[in-house]
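Read the single chain below, which is given as structure tokens and is the form predicted on its own.
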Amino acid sequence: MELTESGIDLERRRFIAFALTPSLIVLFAVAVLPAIYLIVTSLTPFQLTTPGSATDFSEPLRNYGLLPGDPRFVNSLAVQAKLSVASVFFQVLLGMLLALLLNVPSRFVEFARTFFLIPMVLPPIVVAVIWKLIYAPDISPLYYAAQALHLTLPALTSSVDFALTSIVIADTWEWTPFTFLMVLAALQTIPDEYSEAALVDGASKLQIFWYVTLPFITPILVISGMFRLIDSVKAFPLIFLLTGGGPGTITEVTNYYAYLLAFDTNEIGYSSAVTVVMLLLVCGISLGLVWMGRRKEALA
């Protein structure tokens, strides 16, 4: 019996649904259910010492009402903004410069490209341990080198002036390869004819970069910056191992503050509210960047 075209489409849809169902079930279990639980918990005054508070919905918006008047929460947002802006700026800038430098055909350069990708593929906790050793005054080659040059370095991770900078440096080292890889791929799609024509017209290398190369790679710079800005809220391993949010609250970002609320003071409900607000802010920034990108494409 031959199947009609509509019958084939129906069978295809059934097969796709059957193939996707296991993945959707896993996704629902590991992503949707925890998110629902997080939102529900944020509406309660749940504390581990009082289990009955997990079902107390008498004041569902109490936790959210406390947030604007919480100086540590407001400070954590400011610290997160500083960390995100600084790290993303340097990641995009250094990634672009490295891509421009290594965009040449050479075996050595090919090896260097692979070498530069190593930090990105390391587990975040391994990166944090590496930089903890680098910032340790007693065993760090950085401090040995400074001593050989008769320079005095403070304990970077415990210094009020340099603690956040030390996190920015470690995060930049870890994720610059991401922007490097994206920009390098964009550079290799630029036709050589444009640069050759510009050289024939007497353009300098700086002019070729500004008027030929940069317009081609600008969309990639924006996309990589957007991805890194969204992902920059996940610097928890670095902060946990390097500074512990200190000194004071100098490096206490929002997700680390939520962690302290949940596991140090047992305020699970309030910690959940902090986390929900952080997720909403990240989603808002993501949607805003996507809207700006589409609007720019529409105007182009």
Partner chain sequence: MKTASRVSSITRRKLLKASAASAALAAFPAPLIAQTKPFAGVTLHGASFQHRFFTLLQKYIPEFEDKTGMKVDLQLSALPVYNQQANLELSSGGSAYDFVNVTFTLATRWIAAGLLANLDEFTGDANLTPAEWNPKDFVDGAQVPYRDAKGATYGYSWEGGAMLMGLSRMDLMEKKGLKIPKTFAELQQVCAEINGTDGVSGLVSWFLHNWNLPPYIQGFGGNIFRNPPSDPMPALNTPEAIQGVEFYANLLKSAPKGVLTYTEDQARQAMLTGRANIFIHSSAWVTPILLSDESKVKETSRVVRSPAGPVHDYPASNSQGLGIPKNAKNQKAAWEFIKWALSPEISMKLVKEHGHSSICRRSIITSEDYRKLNTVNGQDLGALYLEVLELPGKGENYMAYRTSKEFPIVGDVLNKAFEQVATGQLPAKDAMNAAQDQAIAALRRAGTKL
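Residue numbers count along the first chain shown, from 1. Note that the structure is a prediction, hence the values are computed from the model and not measured.
Form predicted in complex with the partner chain: not shown, discussed below.
For Leu66, a non-hydrogen atom is located within 4.5 Å of the partner chain in the predicted complex, even though that partner is not displayed. The partner chain in the predicted complex comes within 4.5 Å of a heavy atom belonging to Arg72.
Although the partner is absent here, Ser158 sits close enough that one of its heavy atoms falls within 4.5 Å of the partner chain in the predicted complex. The closest heavy atom approach of Asp138 to the partner chain in the predicted complex falls within 4.5 Å. Of the stretches 102-110, 130-138, 192-200, 86-94, only 130-138 has residues with a heavy atom within 4.5 Å of the partner chain in the predicted complex.
Contact with the partner chain in the predicted complex, judged by any heavy atom within 4.5 Å, is made by just one of Ser272, Ser232, Thr243, Thr254: Thr243. In sequence order, Leu260, Leu261, Ala262, Phe263, Asp264, Thr265, Asn266, Glu267, Ile268, Tyr270 are the residues of 258-273 having a heavy atom within 4.5 Å of the partner chain in the predicted complex; the partner itself is omitted from this view.
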